[in-house]
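Single chain ahead, written as structure tokens, the form predicted on its own.
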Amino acid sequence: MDITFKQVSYTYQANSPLATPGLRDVDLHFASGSYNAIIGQTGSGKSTLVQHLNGLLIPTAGQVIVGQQVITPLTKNKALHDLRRQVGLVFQFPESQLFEETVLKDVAFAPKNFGKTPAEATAIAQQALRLVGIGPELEAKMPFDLSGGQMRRVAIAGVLAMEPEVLVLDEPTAGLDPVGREEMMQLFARIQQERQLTVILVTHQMDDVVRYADQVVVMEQGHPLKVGSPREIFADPTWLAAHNLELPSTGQLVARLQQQGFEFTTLPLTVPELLAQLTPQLRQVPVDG
């Protein structure tokens, strides 16, 4: 599902003395089936941007076009029912939104709410649970009896049970250890490939940006400062530093290696790229003794 922002602006508490700009003159396009990352400092407008995708926020000016749905300042809440099924949002700590008495009932709630029969909702919920690695032995348990990682997977299954065409991930690995973060990111990548979803990831993890994203949007003061591939975004370390953005870990290692005299024709962003340029130079280093 394609997504387009056309001259979108948003003002918090508009027409009041406390009016605060959240977005300004945003023109963006997210291609159907693509994996997109949105980065930028806290307060740059990342979360404000993605909350426009299913009408949690309505633009003050401009248009947000999600598939066939056009959202303008005049759009009413009742016109967004179908859109809210098509766009699934996973916020930070999504497990805090669990509320039903069993795992299966919690995940089946969304499809029932969108018109599925109880039998259909149960089947969809079970499929979503298997997709995130939750087996049938946990379906009758209370969500809060599960481990933290299992609770998060159940919450994500609840979003997937809506069968969305767009998946918005707003810092979805917050609070997880490195192993849990890696497992979660691989899960999202697999789901995106299997269901051909359009994914929009808000993150501070630059390694995830390099590994998964096709397109990167750098937000600053409510406006897209730069849009491009990960290689284009991370090509200039000086520009990144000027905008308080970090290189991915491989890029940071390259900077230290350059201080030791190693040379790189292009900035490696992945370990294989680093090894390809570093290995020939290591072979030339004399060995003592």
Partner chain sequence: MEPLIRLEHLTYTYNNSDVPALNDVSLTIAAGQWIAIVGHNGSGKSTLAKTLNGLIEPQQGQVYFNGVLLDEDSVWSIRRKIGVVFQSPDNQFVGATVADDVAFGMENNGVPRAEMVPRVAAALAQVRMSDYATHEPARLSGGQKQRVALAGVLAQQPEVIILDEATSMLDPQGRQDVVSLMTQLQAAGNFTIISITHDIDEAALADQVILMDDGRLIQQGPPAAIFNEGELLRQHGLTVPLSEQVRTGLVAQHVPLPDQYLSEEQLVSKLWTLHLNK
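Each form is matched to the other, and the largest set of C-alpha atoms that superpose within 1.5 Å is called the rigid core. Positions refer to the first chain, counted from 1. Worth saying up front: this structure is predicted, and the values here are computed from it rather than measured.
Just so it is clear, the following notes concern the form predicted together with its partner chain, a form of the same protein that is not shown.
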Contact at 133, 138 and 165 by its partner chain in the predicted complex, all three, heavy atom at most 4.5 Å: no
Contact residue in the predicted complex, chosen from 82, 120, 177, 214 - any heavy atom within 4.5 Å of its partner chain: 177
In the predicted complex, the residue from 92, 186, 193, 102 that sits within 4.5 Å of its partner chain by heavy atoms: 92
Contact of residue 246 with its partner chain in the predicted complex (heavy atom, 4.5 Å): yes
Heavy atom of residue 262 within 4.5 Å of its partner chain in the predicted complex: yes
Residue 240: touches its partner chain in the predicted complex, heavy atom cutoff 4.5 angstroms: no
Close approach of residue 252 to its partner chain in the predicted complex, 4.5 Å, heavy atom: yes
Partner-facing stretch of 253-261, 227-235, 24-32, 64-72, counted where any non-hydrogen atom is within 4.5 angstroms of its partner chain in the predicted complex: 253-261
Residues from 253-283 in contact with its partner chain (non-hydrogen atom within 4.5 Å) in the predicted complex: 253, 256, 257, 260, 261, 262, 271, 274, 275, 278, 279, 280, 281, 282, 283
Core-aligned CA displacement of residue 260 at least 2 Å between the shown form and the other one: yes
